[in-house]
Ligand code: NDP
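Heads up, the chain below is alone and in the form predicted on its own; it's given as structure tokens.
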Amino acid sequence: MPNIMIKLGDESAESYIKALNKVDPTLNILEWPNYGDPDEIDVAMVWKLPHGELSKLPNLKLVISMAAGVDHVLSDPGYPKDVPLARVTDPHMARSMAHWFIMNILRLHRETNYYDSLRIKKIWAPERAFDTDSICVGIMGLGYLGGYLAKMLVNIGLQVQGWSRTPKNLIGIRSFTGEDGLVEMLKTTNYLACLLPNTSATKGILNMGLFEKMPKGSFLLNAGRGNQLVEEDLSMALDNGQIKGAALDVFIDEPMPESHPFWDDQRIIITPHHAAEVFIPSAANAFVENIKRVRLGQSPKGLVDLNVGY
């Protein structure tokens, strides 16, 4: 049986190898750079593999990104374009991502920062009702993760709409495409959830021009990529009231520098890029399924369109 090569950034891949072999003990998985004969490798499982390494594997049938993003693979100028690339399609990851958005949409809506500040002062706040029927969540990116999020938001009774490159047919969810579609969606979106992939078209897309197309006093939630947000524009939008609050899991510089103004801005919920980490026991099942599919001549799940980059 052919071999599998694995590389997990600067970390040891031992825990992944054990989990994969628990699902299928017949898999022969070798950690880069000690993977033996390159002619015998048919699958590469990678995260931050040095550029040029994949082109050394002449019989490669599949590359698996060990994370949701694939830009770390596609940025390799020597990537063999005839080899399919698959991203993670793990239900556990999708559910975890959805939980992050649901948690923070409700935290922002129910003004938990305000009530936490009153608790410190031992002040009992007067009763009030929260108009949950007025919430409309707009999701930028209705792929695997965004689609999963949209369905969960509908299930908890929220209005949901989404914007994507191609039209989607999701029950109970309005779908928009194109630049005009984005503008139309933003008009009625007061909680904007970004789950876009990292491409040249999405860099800096969360900017003042976009914020101004939303209702005044809206909220931003970003768990896509840090470079999609113009951070200075968010600060200005918070100061002028166009954006009332935000929840961010990704940043341009990670870890975020101690001098960054976001640290002291109580209007922003900050999490350290952990909205949806790969959960090894669950992801192993998805990885093994794709390995089997490709070895049977079938198309892998989570196949990336190399022409668009996701």
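All values reported here derive from a predicted model rather than from experimental measurement. Residue positions are given as counts along the sequence shown, with the first one as 1.
There is also a form predicted together with the ligand; it is not shown, and the following applies to it.
The shortest heavy atom separation between Leu145 and the ligand in the model of the complex is within 4.5 Å.
The shortest heavy atom separation between Val250 and the ligand in the model of the complex is within 4.5 Å. None of the heavy atoms of His51 is located within 4.5 Å of the ligand in the model of the complex. Using a 4.5 angstroms limit between non-hydrogen atoms, Tyr191 is distant from the ligand in the model of the complex. A heavy atom within 4.5 Å of the ligand in the model of the complex is found for exactly one of Ser164, Asn207, Gln159, Ser235: Ser164. Of the candidates Leu229, Val73, Met93, Leu220, Met93 is the one whose heavy atoms come within 4.5 Å of the ligand in the model of the complex; the others do not. When contacts are defined as a non-hydrogen atom within 4.5 Å, all of Leu196, Gly224 and Tyr310 contact the ligand in the model of the complex. The stretch in contact with the ligand in the model of the complex, judged by heavy atoms within 4.5 Å, is 135-143, chosen from 151-159, 122-130, 236-244, 135-143.
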